[in-house]
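Let's start with one chain on its own, the form predicted on its own, as structure tokens.
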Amino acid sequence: MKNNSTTKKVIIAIVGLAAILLPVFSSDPYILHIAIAILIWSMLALGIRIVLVSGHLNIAQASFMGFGAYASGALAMKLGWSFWICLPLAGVIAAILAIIVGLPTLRIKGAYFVIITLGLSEVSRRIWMMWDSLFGGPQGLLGIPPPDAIKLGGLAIMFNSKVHYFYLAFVLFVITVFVMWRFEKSRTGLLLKSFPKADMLAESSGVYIMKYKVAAFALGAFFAGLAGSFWAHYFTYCSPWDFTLMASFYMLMYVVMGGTGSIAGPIVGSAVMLTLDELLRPFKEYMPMILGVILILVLRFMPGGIISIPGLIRDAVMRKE
């Protein structure tokens, strides 16, 4: 057990160091853009996973991302607020929305909750499209300002290259992973894992399960809001077509592909699938079908996701011995 723990720490350190040094070895904007996308979509996938752990399937994650993006963009454009104020506020606004939605709905389980989140996704898109004065209507918000420069003494970090955006995305990603890890290892996280199988038992023991489920739902939405804020200021644009139901399905697919059993699963799933998506760009029109086939194969032969491959290989080797 101790060796496994040490191995994991070494792997995490190597991956982290490789990520930090990526811009040093390659300043290609295309590669950095893919790396940024992997970091941000990993944040979104981790938000879905923490809700999934509690026994609920959330397919409205793109909506929380959208509200974060629109809130940040509108505050920056219409009130002239700094990105560094808009960023945390976007997360808070998305979390508050999740609490408002979650309190009356998280008591519902299974397909009914999925339908509710599906409805939230469609209602959100309609709000953004119809409220022209605030959200820009179907065309969205254009000309969202980039993040303000960070001034450190006589040094000013300007966000005029993808290298700076990469490091900002990496910091947000690290914060997300750390908070998710701490949350999962806490008493709240341990209780959440028991709810899918024994929520009635937990409630009969005096545990107010709604408090923990709402906390997980809000936490996932908070980081979706942060991701949305980054995305809006990175592209300097956001529209209703960026945060569709299909986007939520892709986030869920990355979680399932990577594996729901650990925090590393959604990260690996996002990295593998987004990289594969870029490699197969010449076959873009066939991508939904290709991803569907890959998903079926993963579920059939690797129920634990891509992250379980080392364990499957180790078991196969041990059986041969």
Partner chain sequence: MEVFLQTLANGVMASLTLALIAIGLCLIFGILSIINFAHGEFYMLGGFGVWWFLEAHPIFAGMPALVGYIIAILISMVVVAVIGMIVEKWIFRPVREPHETVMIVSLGVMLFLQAAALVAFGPVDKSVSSPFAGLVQLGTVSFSNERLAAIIGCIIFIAILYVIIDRTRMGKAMRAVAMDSEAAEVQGIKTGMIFSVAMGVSCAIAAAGGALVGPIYYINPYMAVEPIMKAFAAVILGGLGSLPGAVAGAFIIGLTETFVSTYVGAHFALIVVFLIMIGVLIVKPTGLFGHEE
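It should be emphasised that the depicted structure is a prediction, and the values quoted were computed from it without experimental measurement. Rigid core here is just the name for the largest C-alpha set that superposes within 1.5 Å across the two forms. Positions refer to the first chain, counted from 1.
Same protein, other form: the form predicted in complex with its partner chain, not shown, and the subject of what follows.
Subject >> Contact test in the model of the complex: V256 vs its partner chain, heavy atoms, 4.5 Å >> reply: Contact with its partner chain, yes.
**OP:** Decide whether A156 counts as a contact residue for its partner chain in the model of the complex under a heavy atom distance cut-off of 4.5 Å.
**Re:** Close contact is absent here: in the model of the complex, A156 is far from its partner chain, nothing within 4.5 Å, heavy atoms only.
Original post:
Does any heavy atom of V293 come within 4.5 Å of a heavy atom of its partner chain in the model of the complex?
Top reply: Heavy-atom contact with its partner chain at 4.5 Å: present for V293.
**OP:** Indicate whether its partner chain has at least one heavy atom within 4.5 Å of a heavy atom of P288 in the model of the complex.
**Re:** Contact check for P288: yes, within 4.5 Å of its partner chain in the model of the complex.
Original post:
Does each of V24, I36 and L89 have at least one heavy atom within 4.5 Å of its partner chain in the model of the complex?
Top reply: So, no: the whole triplet misses its partner chain.
Subject >> I150, V171, L134, M246 - the one with a heavy atom within 4.5 Å of its partner chain in the model of the complex >> reply: Of I150, V171, L134, M246, the residue with a heavy atom within 4.5 Å of its partner chain in the model of the complex is M246.
Original post:
Can you pick the one in I144, L120, A71, V177 that has a heavy atom within 4.5 Å of its partner chain in the model of the complex?
Top reply: Among I144, L120, A71, V177, a heavy atom within 4.5 Å of its partner chain in the model of the complex occurs only for L120.
Original post:
Where does its partner chain sit in the model of the complex: which of 125-133, 163-171, 72-80, 226-234, heavy atoms within 4.5 Å?
Top reply: Answer to the contact question: 125-133.
Original post:
Superposing on the rigid core, is the CA of L299 displaced by 2 Å or more between the shown form and the other one?
Top reply: Yes; that C-alpha moves by at least 2 Å between the shown form and the other one.
Original post:
Once you line up the core, how about L57: does its CA shift reach 2 Å between the shown form and the other one?
Top reply: No; L57 is a residue whose C-alpha shifts by less than 2 Å between the shown form and the other one when the cores are overlaid.
Original post:
Superposing on the rigid core, do we see a C-alpha displacement of 2 Å or more at A37 between the shown form and the other one?
Top reply: Not so; A37 is displaced by less than 2 Å.
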